[in-house]
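Here's a solo chain for you in structure tokens, the form predicted on its own.
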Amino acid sequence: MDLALEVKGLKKAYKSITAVDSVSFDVRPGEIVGLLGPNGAGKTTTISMILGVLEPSEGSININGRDVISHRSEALMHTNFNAVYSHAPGNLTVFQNLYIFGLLYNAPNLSERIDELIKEFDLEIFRDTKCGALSSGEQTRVGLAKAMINKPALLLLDEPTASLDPSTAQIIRKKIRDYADRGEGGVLWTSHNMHEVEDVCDRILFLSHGKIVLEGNPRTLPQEHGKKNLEELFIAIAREPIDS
């Protein structure tokens, strides 16, 4: 089985500034990998390159065995993205949004797939409601349904539960965990919520100054480096990176 994501020697340089410096990692099917680091560490640049928005200066990116640089359209058909700040168009209904995004991804059996997702994310009563009239939690559920419309081999999530209340955030985490556990795809997740990362991620990567400085199990890695918890480890890396 192909890796959901394979990144090798990824680099992005802007003249004298190197935003991402020789980063290599992978995400396996059914795995949730947390991409962590302080602001400016290179997380957004890395995700932008994976999505084909930015062209790498060096390195390779493969999504489900497809090279993003040489076969961009084909590779991106096997991925999808969601972030709490990336809302579906507010002037379209829930159904209309899912239908249009399903067409963009050429999702098979689209009507059935939309019905599945509307039921899975408890959106039945909002089926014909314009997304702009929904609460932040409801919009997040629509965004995740949109992100899963094509059953992506790689699901990219950038702070998917930011600004949500604890109850709604827990529901969203379970939906994502269930998706990974079904083996439909791997997940790359960025978050500043360390309790959330410990709860949902199988493995984490710490980025600092564009480089991966630590990798491991979020529930055991802090103790391996003499820290009480993941938040304390995060703070230590943000202030003074730990050598890997």
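The first residue of the sequence shown is number 1, and the count goes up from there. No experiment lies behind these values; they were computed from the predicted model shown.
Although not depicted, the form predicted together with a small molecule is the subject of the following passage.
Enquirer: Quick check on this chain: which one of P56, G42, G34, G185 has a heavy atom within 4.5 Å of the small molecule in the predicted complex?
Expert: Checked against the cut-off, the match is G42.
Enquirer: Just to confirm the contact call: exactly one of 58-66, 194-202, 34-42, 211-219 touches the small molecule in the predicted complex at a 4.5 Å heavy atom cutoff, so which is it?
Expert: Selected range: 34-42.
Enquirer: Going by a heavy atom distance of 4.5 Å, is A236 a contact of the small molecule in the predicted complex?
Expert: No, A236 sits far enough from the small molecule in the predicted complex that none of its heavy atoms falls within 4.5 Å.
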